[in-house]
Every structure is written in structure tokens, then in C-alpha cells.
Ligand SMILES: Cc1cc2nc3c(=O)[nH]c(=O)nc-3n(C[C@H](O)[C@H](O)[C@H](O)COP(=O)(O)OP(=O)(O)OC[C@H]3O[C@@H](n4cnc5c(N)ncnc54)[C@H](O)[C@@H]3O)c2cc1C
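In the block that follows, a single chain appears as C-alpha cells, in the form predicted on its own.
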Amino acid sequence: MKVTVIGAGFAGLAAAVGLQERRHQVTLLERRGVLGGRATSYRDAVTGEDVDNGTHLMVGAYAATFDLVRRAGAEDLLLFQNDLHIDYVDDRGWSSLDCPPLVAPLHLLVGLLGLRLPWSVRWQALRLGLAARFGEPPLGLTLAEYFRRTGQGADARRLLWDPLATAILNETPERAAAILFYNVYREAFLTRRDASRLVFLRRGYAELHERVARYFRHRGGVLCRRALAESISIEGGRAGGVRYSQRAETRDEIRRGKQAVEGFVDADAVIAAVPWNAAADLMPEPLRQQPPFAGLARLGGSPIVSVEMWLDKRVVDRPMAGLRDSEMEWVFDKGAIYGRTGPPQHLAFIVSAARRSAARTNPELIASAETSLRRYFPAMAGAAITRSLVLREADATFASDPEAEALRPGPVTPVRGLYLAGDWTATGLPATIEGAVRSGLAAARAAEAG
């Protein structure tokens, strides 16, 4: 079977690799030169270090993702915690969620004892855990409503749930669909101990995607970079190929001003692994007004803002930390995660669901990050910022509200031979790397089933 996959993010790569491994002829079209879609990186021209377009965390429950990484021979890029450990800091000092090597969910219950929390909050956390384990799925509710129904008070939300939920969902609890947090909580905390541990990447995400792409090509797959898919050919109610524009790919071609060349690749099946706001544009006009494509226009986006900062001395003394009561919600020591010790220290600050922060100027955001450092890290008193960058992803993820859950389509479409993949499809998960990989595998299975 000849399959064309549009988009070389995690969803497209997972679909392409899965099909290529089963000896189908696969062509993968990527509109940019860099792979990874909305989870990629680039090399900073000044420092030479990898910069992610927002720090993307993984957890041990990402079974499909790690299986893909292992098959591609890229396990050396993964840095696993032994057990879940998250440090938090506020004006009262440090506390840690430090989960011991006990069976789930006992490891989480004991870990909560290490956090500086009122006993009332600990009891409320236990109540939420029991509701997630034994209660009914919170369909149609926002996460804030679910918190209220499970007795989570203001302190529990501020100190524990809101920072964690916003980072997982890239949405505030007042907007987010409770079912997505419920599903993640069950997978990460209630199944097995190692499912909750954090997993970092030792390099930028572009390196991981290049490894997966190399594996795909070595097995005979065809990867076309800077190949802009313009439309999917549909005749007689069936997808038969993709029209695309092949633009200049190499630096020499770009420098010489090489013109784009129109191309067409025929296929028995097409998998559109593109963002939700790009899928309908590939369809002929009548189909854009029909389900599931018509509903995609109502899937909104949620932004992420990140600040990359280099300091002339080491200030942050741990790989990551949650910054309570701060605009900058998390800080990561990217230099240490990448295996480099000593100055300059490369930090990454993240703001999720960053609608308000996205409107601020770069100097304001850099000043906010610096303020957080001076507030919580005494060593900042003798440090200087040597370089800083601000990155904005306006539509980093789909807006995961309860209404969106009804709009998320499965892999199969009304058009024969046309399938959808992406973290925005009906995976049961929020917009995560694991959701994207699972969606790609689901689309590949559907394409094989015909």
C-alpha cells in the first residue's frame, strides 16, 4: 500500500514509522526544514545550545512514545528520574513532592507528606485521589467544577493542583475539560510507580526527530522537507494523493532563490497529521463545511510563552523548580539537563495558558523572569544576564475545554482513504507528545484496515 503522511511532528512520524515497519511504501511531507511540528527546537546562533519552542516534559506513562524512541535507537536521549521528584519554592522557602519507591498510588500519598501543605490540603488531595480511582469520569465538567465537587479548597488548588493541571493541560482549570486531567491522573499516578516520574531530553527535540526520521529513511521511507501540502486529491469520495509545492531545501538553493516546483504524490491512503487549524484547508471547499472538518474551526488555541536566559554564573541549583505565586510558573536548568556543568547557566522559564503574558513585551517578560530569580534564588544577587530570548507559541495546543471534547475527531473520516492524526484528535488525553504518538499509530492502523 502506498501512503502519504502530511506533517512530520510526533503524530506524523509515528504513523510513518509504523506503516514503513510493516512494509508499506510511505512518503512523508513536511512543510518546514526542521522536523517536530509544535514540539521542536533550533540551535541558538550565539550560544550554540539547543532551544526548544517551549520546554516539553514527558512522564513515565508515555509508553507509546518511548517504544517509538527505542525502535529508532534514540534511548540515549532520554533522562529518566528514578522516582517522581518536583521542587517548589515560594516566599516561605522550598518544599518537595518526593515520591519514594513504593507501589502506586501509595508512592504519591507518601510523597505528598514532603510538601509543605496544611493537613486539610493533604486530606483534600486524598479525597481527589479516591474520586479519580473509584468515582465516575467527570464528563462535561470543567476542571474547576470537578475540584469543587471533590472538595478541593483554595489552598489545595493554589499550592498543589492548579500549577500541575495548567502545566499538563496548557489551560486554566476554569476553562479545561476535567476528563483530560482525570485521565492523565489515572495513567500517571494510579497505575504503577514509574509511570509518574518525569522524563527529560538530553538534547533539543529536533535531535530526537532527526533520529526517528533517520530510522524511517533507512527502512526505505521517503521524507520530503520544505514540501508544502496544498490539497488532498479526492475523486469519487476517495483520497488518491497529495498536491504539494516543493520549495528550495538546501541553503545553497535558498541563497540562489530557487523557485518552488509543484508536485503530486499518488497514494492509496493519506494521513493528515497537521494542526487542527490547518486540516480543513487541505480539503476541497464542499468538504470543509461538513463534519468533522467544519467543527475544527471551533477548536481554539492556547498559547505558551517561554523565556530562555543565560547567566554568567550558576544560580538555580536543581534541574527544575515550580515557582509559586509567580508569572513564570516553572524554571528549568537546560544546561544541566543537556549534561553541561558550570557557567554560563542556560535557564528556560515557562508560562502555560499564557493569554495575558503573550501580550506583554519581550523586555517585560525578561524582567519578570529576572524578578523571579532575584525573589527566590539568593545567588542571583551576584549574577548577570548575558543573553535572553522570548518565544511565543500562539497556538501551542488546542484549547482543551469541555466543548472541544465533542469536536475532537477520530482517525477515520467520511472520505475513504483519508485519516487524521494529531494530539488534537480524540485520544482521551490533552495535547501531549504521548497523545500525538498514539494518534499517529491509530491512524496507521485505520489506514491498514482500509
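One-based numbering along the sequence shown. These numbers come from a predicted model, not from an experiment.
Another form exists, predicted in complex with the ligand; not displayed. Remarks below refer to it.
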{"query": "Candidate stretches 377 to 385, 37 to 45, 66 to 74, 409 to 417 - the one whose heavy atoms come within 4.5 Å of the ligand in the predicted complex", "finding": "37 to 45"}
{"query": "is_contact(L79, the ligand) in the predicted complex, heavy atom dist at most 4.5 Å", "finding": "no"}
{"query": "Any non-hydrogen atom of V26 within 4.5 angstroms of the ligand in the predicted complex", "finding": "no"}
{"query": "Contact flag, V3 vs the ligand in the predicted complex, heavy atom cut 4.5 Å", "finding": "no"}
{"query": "4.5 Å heavy atom contact, A447 to the ligand in the predicted complex", "finding": "no"}
{"query": "Heavy atom distance at most 4.5 Å to the ligand in the predicted complex, all of E30, V274 and T397", "finding": "yes"}
{"query": "Residues within 4.5 Å of the ligand in the predicted complex, restricted to 106 to 128 and counted by heavy atom", "finding": "none"}
